[in-house]
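This document opens with one chain alone, in structure tokens, the form predicted alone.
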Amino acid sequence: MVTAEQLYEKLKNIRTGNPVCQFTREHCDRLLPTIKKIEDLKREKNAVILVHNYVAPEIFYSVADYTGDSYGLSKKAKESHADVIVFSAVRFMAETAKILNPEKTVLDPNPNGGCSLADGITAADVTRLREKFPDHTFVCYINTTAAVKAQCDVCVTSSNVYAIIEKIPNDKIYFLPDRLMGENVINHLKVRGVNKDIQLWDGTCYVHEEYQPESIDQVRKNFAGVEILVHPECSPSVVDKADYVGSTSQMLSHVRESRRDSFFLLTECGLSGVLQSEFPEKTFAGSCTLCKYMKSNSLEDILSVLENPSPHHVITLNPEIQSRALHCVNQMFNYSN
């Protein structure tokens, strides 16, 4: 189990500009009793805790068994030998873990685990779209519910969306729900000389759609030599000005390998906090943009679902939906391999 001193060493360099992500040694001391109870229950129940890069850093650095982006955590869920999976992220990610592990207990500790993308489209919407576009391969971003995945052909994440859509043999694609990511895919394929008829649903991530290209121009003026890293959920006008475009885990790897020492990240600031902790010698410019859904996770809620989960916290899926959604997700792994 992590000690208060070890936790403080990981958290002390995080300065994202938001008070919920700034820590003192005394604060770390107060977290220890809850952390100990969680670790004891993990051993007792053979549980594993998956934590997304956007979740609060005191969770990320204390009780997480695996951390990463949606794709990496989906793989860990598939490989897990635990009896219980606690997914500290948002609801659709916990549903994905259940899709991959129907025999395991999957718990969602988040009391507000929504997502502006996942909540912006329903299975009924997809059914109507399939009637309108019968010749299209339906590709869904992982930021969708299990019911929506069950209506689609292939699932993708921010780390593999470009490659998978290019590999799909059908030239007619319906991509949902992220319109901005879809526009970036279209532009990427055009550059590569790949012509596909790609139709888009009009959904967005409320965090990433806020970023504007003018902010990149301003940062470049103020920080000589800064490297701009952008998530593909941002608008094409922002992506066009980036030095690097990738998922959160791809950004983390890029910073690790980069020779530059100054970076500006356009994504939820949980990742900036992780990078500040991992690379204290580097500079990360910019302000903090929080995802209210990811930041709704807490150590107390993780402890609560391990002690006595309510029916709402236990992920249950209709067997037919689970089976069809599993095929959709497995197609992602097939194309990725």
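In this text, residue numbers run from 1 along the sequence as written. Given the structure is predicted, the values throughout are model-derived calculations rather than measurements.
There is another form of this protein, the form predicted together with a small molecule, and it is not shown here; the text below is about that form.
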task = Would you mind picking out the stretch of 104 to 112, 68 to 76, 252 to 260, 146 to 154 that comes within 4.5 angstroms of the small molecule in the model of the complex, counting non-hydrogen atoms?
result = 68 to 76
message = My question is simply whether residue 158 lines the interface with the small molecule in the model of the complex - judged by any non-hydrogen atom within 4.5 Å.
response = yes
request  = Report whether the minimum heavy atom distance between residue 208 and the small molecule in the model of the complex is within 4.5 Å.
outcome  = yes
task = Please run the contact check for residue 93 against the small molecule in the model of the complex: heavy atoms, 4.5 angstroms, yes or no?
result = yes
Contact test in the model of the complex: residue 54 vs the small molecule, heavy atoms, 4.5 Å = yes
